[in-house]
Structures are given as structure tokens and as C-alpha cells.
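Next comes just one chain, in C-alpha cells: the form predicted on its own.
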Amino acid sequence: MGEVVATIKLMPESPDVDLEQIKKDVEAAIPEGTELHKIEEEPIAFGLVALNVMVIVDDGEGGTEAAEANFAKINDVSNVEVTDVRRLM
């Protein structure tokens, strides 16, 4: 079984949200068996900035589900969406 890198987009509830706090919460919410690769900021519109969280997980069934569930519980995050999954060679 190999590994994949998945990009999970976290959309904050408003432009006024403290992104640095969300980044800390993401680091604390990484489930066992998942490795945080990096977090990038993506400007959306009108001051709203999404976070693209890249994680490395096994390519088995349900690989990103635990991370998605944990990220959805973070305060001030309104939406969690897997936007990209690529196999690591």
C-alpha cells in the first residue's frame, strides 16, 4: 500500500477569523497515521482567505476521513473539502 498527498481546503467563517489560531488548531487536530506536509493560504475574495492543508496518508479506503472530521470540528471553520489527491512515488 502506498501513500498519497491530499489537499484539504478549510474555509473560515468570515474574513475576521484568526488564521494563525486555525493553523495551530490544525496542527493539534492531525490524526494518528496522518502527516502534516504544509499549510498554504489562498486568497478567495473580499478579504476571505482559505487554508489549503496538505497531508500525507495511506492510499487505503477512508484515508482522509479522520483528518476531515477533525478539521470540521475546529472553531471558526465553516467548510472542509478535499480538493486534490495525488499518489506519492
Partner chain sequence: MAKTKEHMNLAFIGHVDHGKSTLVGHLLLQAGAIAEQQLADGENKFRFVMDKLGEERERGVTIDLAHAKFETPKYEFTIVDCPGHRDFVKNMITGASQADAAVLVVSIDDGIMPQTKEHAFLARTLGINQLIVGVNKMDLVNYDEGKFNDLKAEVSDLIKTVAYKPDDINFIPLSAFEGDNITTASDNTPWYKGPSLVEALDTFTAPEKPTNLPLRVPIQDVYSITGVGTVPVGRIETGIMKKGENVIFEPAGVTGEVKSIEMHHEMLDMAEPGDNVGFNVRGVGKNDVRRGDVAGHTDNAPTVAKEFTAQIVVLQHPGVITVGYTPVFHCHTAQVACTFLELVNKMNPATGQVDEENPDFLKTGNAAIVKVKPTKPMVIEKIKDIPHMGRFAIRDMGQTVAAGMCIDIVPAK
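Only a predicted model underlies this, so the values are computations on that prediction, with no experimental measurement involved. Residue numbers count along the first chain shown, from 1.
Quick note: we don't show the form predicted together with the partner chain, though the next part is all about it.
Residue contact check for residue 44: one or more of its heavy atoms lie within 4.5 Å of the partner chain in the model of the complex. Taking non-hydrogen atoms only, residue 75 never approaches the partner chain to within 4.5 angstroms in the model of the complex.
In the model of the complex, the partner chain sits within 4.5 Å of a heavy atom belonging to residue 11. Contact between residue 68 and the partner chain in the model of the complex is found at the 4.5 Å heavy atom cutoff. Using a 4.5 Å cut-off on any heavy atom, the residues of 34-73 that reach the partner chain in the model of the complex are, in sequence order, 35, 37, 42, 43, 44, 45, 46, 47, 48, 49, 54, 56, 57, 58, 59, 60, 61, 62, 63, 64, 65, 68.
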